[in-house]
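Just one chain follows, in the form predicted alone, and it is written as structure tokens.
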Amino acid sequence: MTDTIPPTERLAARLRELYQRYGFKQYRVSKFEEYDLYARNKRFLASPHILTFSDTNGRLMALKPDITLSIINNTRDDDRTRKVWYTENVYRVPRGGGGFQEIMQAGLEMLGTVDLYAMGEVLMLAARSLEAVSPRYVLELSHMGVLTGVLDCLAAPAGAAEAILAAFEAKNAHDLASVCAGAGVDGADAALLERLCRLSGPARPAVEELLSLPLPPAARQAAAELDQLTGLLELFGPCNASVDLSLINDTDYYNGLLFRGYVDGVAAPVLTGGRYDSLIHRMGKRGGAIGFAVYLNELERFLTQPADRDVDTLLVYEPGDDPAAVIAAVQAEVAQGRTVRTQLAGRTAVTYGRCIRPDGREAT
């Protein structure tokens, strides 16, 4: 039987089952929020473009371009820890432009007390989410505290830190060396930054290399947390995790652990996540927060395999055939679990498994 459920919806159902298994509850958000919420937090958004309209009360509203901001905005500020999952559409200009699109994404958020175990559980669920897409995946880990811990100890002029972060994100050791030389960064510090920029690979050996470096105390504490998290991932079961410190983000919003996921066959990341306590605090809420999103739109082409046919059965009839016989033949096909298309005899624009007449005989 031809499966008519879109592959992204099948994946969303598997993710929903996964998240519920670990005690996350569904969270539903409105399709729109007041524009001011997103205007105040544009730096957090994947795209600066926001689709707006005025409601009947004259308020400027926006079709939501982001789920996390809506969840934070609508969560009560108390001492409870909330673990929620969602499957929602956002409205934004996708990578590469092309105008606004309705983009489906799934994910989860934990708001409140976020300890080491909680981070490990979220990382595990990120890995299992990628496994639900393909066994050929990699979950890349980073920690903002490693790089910021080093940068805070540098005697560099204002603006140098931003240039160093840019070189890291581009994973460009040559530009990094030029920035350090121009900023008068000490030779030992510049060498440490270069080693951090080049450090990447499977999680366990990469973390061991990281811990062997002469890190300042704050950076070493962050590296130790990354070590503990990779250990927790191993306890949860096999996981294809790697470390890449070029994964960085806006320090005004994110802190600590960052991660992203790839599957073989899709160039762009299909999952991104991390700690965003700084964003929680900027929005006037207490506690910590961690979460991730799976970009189902990035996976749509990957998951969609070309169908070998449009329908299982093509039922053709002549102008003089009895409609009751056609109906009976259609119902017989459906009862057998087959998809069926009916049409008058002649050329057809669909592909099919077999072609029959109302009396069940094969047609040509």
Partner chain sequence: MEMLNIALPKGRLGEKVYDLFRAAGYDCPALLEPNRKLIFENEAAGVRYFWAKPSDVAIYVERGSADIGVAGKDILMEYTPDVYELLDLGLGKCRMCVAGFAGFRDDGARTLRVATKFPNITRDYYAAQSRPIDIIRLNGSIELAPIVGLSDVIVDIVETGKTLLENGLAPLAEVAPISARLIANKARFKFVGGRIDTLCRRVAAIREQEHGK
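On a predicted model such as this, the values are computed, not experimentally measured, just so you know. Numbering follows the first chain given and starts at 1.
FYI, the form predicted together with the partner chain isn't displayed, but the following is about it.
Judged against the partner chain in the predicted bound form with a 4.5 angstroms heavy atom cut-off, the residues E169, N172 and S200 are in contact without exception. Here the chain stands alone, but in the predicted bound form its contact with the partner chain, taken as any heavy atom within 4.5 Å, falls in 136-144 among 283-291, 207-215, 136-144, 68-76. Site annotation in the predicted bound form: the residue of A127, V263, L233, V93 reaching within 4.5 Å of the partner chain with a heavy atom is V263. Checked against the partner chain in the predicted bound form, the candidates E121, D189, E88, D244 yield a single residue with a heavy atom inside 4.5 Å, and that residue is D244. For A267, a non-hydrogen atom is located within 4.5 Å of the partner chain in the predicted bound form, even though that partner is not displayed.
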